[in-house]
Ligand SMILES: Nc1ncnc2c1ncn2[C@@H]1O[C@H](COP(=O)(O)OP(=O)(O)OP(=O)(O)O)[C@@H](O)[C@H]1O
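Next up: a single chain in structure tokens, the form predicted on its own.
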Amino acid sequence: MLEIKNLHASVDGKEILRGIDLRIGDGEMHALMGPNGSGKSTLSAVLTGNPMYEVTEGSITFNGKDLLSMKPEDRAHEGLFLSFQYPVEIPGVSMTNFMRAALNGKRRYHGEKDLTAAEFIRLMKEKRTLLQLDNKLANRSVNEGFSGGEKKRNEIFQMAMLEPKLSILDETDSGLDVDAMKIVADGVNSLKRADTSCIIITHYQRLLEYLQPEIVHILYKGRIVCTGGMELSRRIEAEGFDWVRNAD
């Protein structure tokens, strides 16, 4: 699904990613861990096409297509989804209108007809139950007045509606209490299919215990320095990142 080769990227002339190699197959869940400043969020920004970041070397192939040549909106239509660490509020734009525009935009990109109003409302009700979201959600502006936990659940709700091929969860567990984290994790797990994949970016092992990714990577100074299974996340939980720094 996703293949990254020797990826280098900079922001404001400062190199952040220094040769990332990563391959994610269909149906795989990968976790990406590392200390602050290691390049985790930079990688997600590069994948989704944030113009602040300049790719200076390397390639990214997504389902056989050159991802770096695509506009950000086309990457989303092709099936790339990013759940933000700090979801933004969009006052005056209802969740219903926001999601209907996003979903129908994707359908048009693929040559499909828009959903009717009845079809959309039915789909929205079905997906909303996954994240235990209040039924008043549709009448609220996007994330406006939402608690931290509500914003994160709302991000996963959007993921459920859009059914992306590759989801990137950038520190989705940040600021969540145990109950909210369990709801988010259950929602992510319920969306797993043989043809969809996921990258979980996190500092902590707790969310990973709910999600059980097959592969865990440690990112440090812009490179993936270690890859393994859940034992890596448990070592980080027990020892922190000092052993990674000391091994450098």
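Throughout, we count residues from 1 along the sequence that is shown. What you see is a predicted model, and the numbers here were worked out from it, not measured in a lab.
The form predicted together with the named molecule is left out here; the points below concern that form.
The partner is absent here, but in the predicted bound form a heavy atom of Val11, alone among Val225, Val11, Ile24, Met230, sits within 4.5 Å of the named molecule. A single residue from the set Gly187, Gly49, Pro213, Gly39 has any heavy atom within 4.5 angstroms of the named molecule in the predicted bound form; that residue is Gly39. Heavy atoms within 4.5 Å of the named molecule in the predicted bound form map, among the stretches 31-39, 58-66, 204-212, 187-195, onto 31-39 alone.
Although the partner is absent here, Ile16 is a contact residue: one of its heavy atoms lies within 4.5 angstroms of the named molecule in the predicted bound form.
None of the heavy atoms of Glu155 is located within 4.5 Å of the named molecule in the predicted bound form. Contact annotation for Glu171: at least one heavy atom lies within 4.5 Å of the named molecule in the predicted bound form.
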